[in-house]
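Single chain ahead, by itself, as structure tokens, in the form predicted on its own.
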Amino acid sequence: MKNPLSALPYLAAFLLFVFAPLPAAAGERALNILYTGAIRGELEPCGCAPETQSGGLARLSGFINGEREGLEPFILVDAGNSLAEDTPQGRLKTEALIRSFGIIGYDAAAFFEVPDYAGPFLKETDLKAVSASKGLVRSVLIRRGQLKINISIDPKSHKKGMLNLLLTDKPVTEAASRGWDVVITSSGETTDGALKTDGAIVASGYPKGEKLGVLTLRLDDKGRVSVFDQRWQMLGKDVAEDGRVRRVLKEYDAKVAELTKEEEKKMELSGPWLGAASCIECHEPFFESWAATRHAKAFATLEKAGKSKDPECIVCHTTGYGKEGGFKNKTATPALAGVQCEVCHGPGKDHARGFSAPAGPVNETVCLKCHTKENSPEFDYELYREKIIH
């Protein structure tokens, strides 16, 4: 009887022939365009729903570093609208974002108008910024092997003999521009992928950097796009972070804490908020029920995450923060740490004065102030209500 193992080499050769990728056409080249846009100062997900939340600059950098060999040749661009609002904390975010962009190694990042305070941050990095602002360039030329890529924010600056990539903030339906091969927009629209219109491939950066866009181009021997494909790369908790970017984000957290330090010293407990300990006198069973919920431990979760000084997080993890007499900090107002009775039912001081003011009703609108789509993507009012009902 013939040894069946003797047929293995032939079987292996057959499978290799059937499943091998199709060879590229003569002279054809490939390029991956990795892109972001409309980050709007979102340095990383808030962490309230780690199982489902995607994004973050440390993960973005970690993904690119880990998959670099499989992605090459590639370029990385940001289409703009990446800066935070011009507030004291927003400026710290902008500084951290620009420093992170420099570490990540963006080939070009669009800043249509650079605010004065952000200029020094750009000068401190090697980031290639394209901008209409004074002292900055509108276009940059990138080379990948024999391929020349013109990247610009100026619709009139396309060049012959190279691949032209336009960065814009126009809506997807208005973004295409003649003479451009690829257009990436930071309009903030969510799209299923890239589309081709007026000769240009148009793609939109995913809002707040929740996903990385990957646009794969096949170019013929004349440098023209013959085939393209687009996919979204999730940046979930399974993606290893870049420690260099994480250090920048930790420095940001420390600066945010310092930002509010002096102000906190002047704050005193006053106003209409009492704290849950005052409710126990008449509502002990309800207090005990609340104490067993995650609401009661909400501030502790911030401390564990190193975000207990971040105003954008504190507001949904304490009682009355940002309002007269509400939570200030754990030293000045420890009685208002956590999501307590008054967050849902309203300030209790008037209610406690002879019970002339009834406790406020609780409905879905109250919950949605903090359980937003971004912070609590799996929120279901009826399901979550069962967890805290008393």
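Please read these numbers as outputs of a predicted model, since none were measured by experiment. The numbering used is simple: start at 1 and walk along the sequence shown.
FYI, the form predicted in complex with a small molecule isn't displayed, but the following is about it.
Query - Any non-hydrogen atom of residue 294 within 4.5 angstroms of the small molecule in the model of the complex - result: Looking in the model of the complex, residue contacts with the small molecule include residue 294, since a heavy atom lies within 4.5 Å.
Report task. Answer for residue 66 alone: is it within 4.5 Å of the small molecule in the model of the complex, judged on heavy atom distances? Result -> Contact check for residue 66: no, nothing within 4.5 Å of the small molecule in the model of the complex.
Requested in this report: Flag residue 154 as yes or no: does it have a non-hydrogen atom within 4.5 angstroms of any non-hydrogen atom of the small molecule in the model of the complex?
Outcome: Although the small molecule is absent here, residue 154 would stay clear of it in the model of the complex, with no heavy atoms inside 4.5 Å.
Query raised in the report: Hey, in the model of the complex, is residue 326 touching the small molecule, heavy atoms inside 4.5 Å?
Result: Output for residue 326 is no: heavy atoms all beyond 4.5 Å of the small molecule.
Query - Candidate stretches 28-36, 329-337, 44-52, 66-74 - the one whose heavy atoms come within 4.5 Å of the small molecule in the model of the complex - result: Going by heavy atoms within 4.5 Å, the stretch is 44-52.
Query raised in the report: With the partner left out here, if you bring back the small molecule in the model of the complex, are 187, 209 and 259 all within 4.5 Å of it by some heavy atom?
Result: Result no, not one residue of the spot touches the small molecule.
Requested in this report: May I ask you to choose, among 149, 214, 194, 313, the residue with a heavy atom within 4.5 Å of the small molecule in the model of the complex?
Outcome: Spelling it out, the residue with a heavy atom inside the cut-off is 313.
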